[in-house]
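One chain comes next, on its own, written out as structure tokens in the form predicted alone.
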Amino acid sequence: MQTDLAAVGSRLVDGMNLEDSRPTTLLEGDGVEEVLSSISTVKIEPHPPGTISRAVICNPVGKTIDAPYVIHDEAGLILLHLCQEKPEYLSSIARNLSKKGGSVRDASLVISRSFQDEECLDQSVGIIIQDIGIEGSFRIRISSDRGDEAPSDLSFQYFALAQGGLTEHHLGGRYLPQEIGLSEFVKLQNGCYPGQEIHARLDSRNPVTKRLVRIRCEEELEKKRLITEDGKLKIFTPFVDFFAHAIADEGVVDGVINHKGIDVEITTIHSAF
């Protein structure tokens, strides 16, 4: 079940320094927190430089487009996007910031992002996002020094998947934030953001019961949907080192189930990074 891409990812992880090549954006100008909050499910408050926040951006039907880390900087807000391509919602932010003399800049070429193992801490300069991954054993380093990190290509996605991270399979308007470990960032009191009406309706009438789980199975599964006595699981990512992500019904419990003679281990991911 381990693909060549997964093997490449594992070798890069062994180096403890893996470049994240997804886009990075700098928001400049007055009121950048207010502008970003207007499209985010959680309000972004003004904070001192070096503070780390998190935004979740949804489409009008409430499904997740992006969930960037937000770095508060003297120059503005730095968005570490989790989507693979430059997101379209930046054009809306640019229009709103331009009214206040602000701007949106592509910072991908001047800001380096890399994954590192917490056990291999060093004195390298930069901003550190700690306690990343299922076991909280990884960190993200943000620096203006490009360094000598190994390029990620697709291998970063597989590395992130194995550790509980969000990839293009989770984003792009495919799932509600509550379904992919982002429930803690849905704040209905934040005002009228894209998808807020849908989230409010679900909260009051039909709460979201599906959840993100990590499954481990040492044999190839024939189908991407498992039906158990307690409910269904929809596998929606590739298997990497025997792991994949799935969306599980409320009744499906954590633990090991036997599916047609194959043991499948299920673990809920309470907060995806």
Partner chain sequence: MGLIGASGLGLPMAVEVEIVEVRIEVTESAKLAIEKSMSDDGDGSVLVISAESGGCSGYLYDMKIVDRPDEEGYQSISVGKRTIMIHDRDSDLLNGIVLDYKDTLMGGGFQITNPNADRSCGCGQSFG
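These figures come from a predicted structure and were not determined experimentally. Numbering follows the first chain given and starts at 1.
The same protein also has a form predicted together with the partner chain, omitted here; what follows describes it.
Using a 4.5 angstroms heavy atom cutoff to the partner chain in the predicted bound form, none of V213, I247 and I269 count as contacting. Exactly one listed residue, out of N190, Q130, S92, S183, brings a non-hydrogen atom to within 4.5 Å of the partner chain in the predicted bound form: S92. Within 4.5 Å of any heavy atom of the partner chain in the predicted bound form lies no heavy atom of S155. Although the partner is absent from this view, S143 contacts the partner chain in the predicted bound form, with a non-hydrogen atom inside 4.5 angstroms. Not displayed here, the partner chain is approached by G195 to within 4.5 Å at the level of heavy atoms in the predicted bound form. The shortest heavy atom separation between P207 and the partner chain in the predicted bound form exceeds 4.5 Å. In short, of 164 to 172, 83 to 91, 199 to 207, 130 to 138 it is 83 to 91 that has heavy atoms within 4.5 Å of the partner chain in the predicted bound form. Of the residues in 96 to 110, those that come within 4.5 Å of the partner chain in the predicted bound form through at least one heavy atom are, in sequence order, N96, S98, K99, S103, V104, R105, D106, A107, V110.
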